[in-house]
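Taking the form predicted on its own, here's one chain by itself in structure tokens.
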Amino acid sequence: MADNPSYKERKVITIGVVSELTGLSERQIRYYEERKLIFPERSPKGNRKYSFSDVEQLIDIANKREEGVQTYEIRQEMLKAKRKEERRYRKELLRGEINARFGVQKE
């Protein structure tokens, strides 16, 4: 992540506020963390800190759970999306390296 993340990516929201925003209990939020669906940061005192992106992710997870999707399936879907994004990033990086090496420029 960048040195200066956008407001959406900053991990500054407490679990209590996330619970209010999402309608999920703090226990549900911790469960989704245990299932590796959400990754809060910890403050020096050990308190969980979430971002607005995490809140959006939790709402998406809750909606999928209401539709009957299991946490394992959600995790697999997340991993698949992450791999796809990594491939896209590597492809763009390689394209940039080739363009720089051979002096190819977009018109």
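Start at 1 and count along the sequence shown; that's the residue number. Just so you know, these numbers come straight off a predicted model, no measurement behind them.
Just so it is clear, the following notes concern the form predicted in complex with a further copy of the same chain, a form of the same protein that is not shown.
Q: Is there any non-hydrogen atom of residue 46 lying within 4.5 Å of a further copy of the same chain in the predicted complex?
A: Contact with a further copy of the same chain, no.
Q: Hey, in the predicted complex, does residue 13 get a heavy atom within 4.5 angstroms of a further copy of the same chain?
A: The answer is yes: residue 13 has a heavy atom within 4.5 Å of a further copy of the same chain.
Q: Would you classify residue 60 as touching a further copy of the same chain in the predicted complex, given a 4.5 Å non-hydrogen atom cut-off?
A: Close contact is absent here: in the predicted complex, residue 60 is far from a further copy of the same chain, nothing within 4.5 Å, heavy atoms only.
Q: Residue 41: heavy atom within 4.5 Å of a further copy of the same chain in the predicted complex?
A: Answer no; every heavy atom of residue 41 is more than 4.5 Å from a further copy of the same chain in the predicted complex.
Q: Every residue in 17, 20 and 56 with a non-hydrogen atom within 4.5 Å of a further copy of the same chain in the predicted complex?
A: Checked in the predicted complex: all three residues contact a further copy of the same chain.
Q: Quick one: which of 33-41, 74-82, 60-68, 47-55 gets within 4.5 Å of a further copy of the same chain in the predicted complex, going by heavy atoms?
A: Heavy-atom contact with the partner occurs in 47-55.
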